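First, one chain by itself: the form predicted on its own, in structure tokens.
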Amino acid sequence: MLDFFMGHYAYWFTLILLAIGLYGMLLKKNLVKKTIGLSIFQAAVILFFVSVAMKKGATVPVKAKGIPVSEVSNYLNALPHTLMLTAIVVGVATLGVALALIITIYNRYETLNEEELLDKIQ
């Protein structure tokens, strides 16, 4: 039983990060904390895809001496890693836009509390 938990530690860590990120997005009232929760949630999803794509004993898909090219099981699939690199870039851009919007909201309404903000908007 302990071997099962220790063998899948990446999945447990991903689940913990998903729960923390979801908690931050759904239950926090501060817009900065919601944005931090969103970033944690995104990091958990990226970690999940990278850990699923990991293969023990495999190497990067670059031709190397001593590793025959004909045995593809010796190499990692580069597609999930490439897609997650794109997701990281999109996530950083999204975080930058979100922080710019938060600064604009604070300058205009002088609050980052969601409930106070909704009251001031109406």
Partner chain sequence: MIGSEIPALIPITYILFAILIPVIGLWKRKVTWHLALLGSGIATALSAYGLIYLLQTGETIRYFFGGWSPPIGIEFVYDGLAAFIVLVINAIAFLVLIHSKKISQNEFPGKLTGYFAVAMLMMLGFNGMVLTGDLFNLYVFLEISSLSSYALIAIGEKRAPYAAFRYLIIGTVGGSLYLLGVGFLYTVTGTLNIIDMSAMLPQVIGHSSVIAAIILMVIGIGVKAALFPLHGWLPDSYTYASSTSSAIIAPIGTKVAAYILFRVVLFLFGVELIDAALPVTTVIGIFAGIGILYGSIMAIAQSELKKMLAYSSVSQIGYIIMGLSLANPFGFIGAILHVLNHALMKALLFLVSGSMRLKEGHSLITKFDDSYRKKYPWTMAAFTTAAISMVGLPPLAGFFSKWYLALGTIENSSWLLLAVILISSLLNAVYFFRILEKVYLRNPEAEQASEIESPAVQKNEVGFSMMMPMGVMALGLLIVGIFNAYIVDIIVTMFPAGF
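The structure presented is a predicted model; accordingly, all values stated were derived computationally and were not measured. Numbering follows the first chain given and starts at 1.
Just so it is clear, the following notes concern the form predicted together with its partner chain, a form of the same protein that is not shown.
**Student:** Taking 4.5 angstroms as the cut-off for heavy atoms, does residue 2 touch its partner chain in the predicted bound form?
**Tutor:** Residue 2: no contact with its partner chain in the predicted bound form.
**Student:** Does any heavy atom of residue 20 come within 4.5 Å of a heavy atom of its partner chain in the predicted bound form?
**Tutor:** Residue 20 lies outside the contact set for its partner chain.
**Student:** Although the partner isn't part of this model, could you tell me whether residue 64 comes within 4.5 Å of its partner chain in the predicted bound form, counting any heavy atom of the residue?
**Tutor:** Looking in the predicted bound form, residue contacts with its partner chain do not include residue 64, since no heavy atom lies within 4.5 Å.
**Student:** I'd like to know if residue 9 sits close to its partner chain in the predicted bound form, meaning any non-hydrogen atom pair within 4.5 angstroms.
**Tutor:** Flag for residue 9 set to no.
**Student:** What is the one choice in 69, 54, 90, 60 with a heavy atom within 4.5 Å of its partner chain in the predicted bound form?
**Tutor:** Here the answer is residue option 90.
**Student:** Can you list, in sequence order, the residues from 93-115 that come within 4.5 Å of its partner chain in the predicted bound form, counting heavy atoms only?
**Tutor:** Contacting residues: 93, 94, 97, 98, 101, 102, 104, 105, 108, 109, 114.
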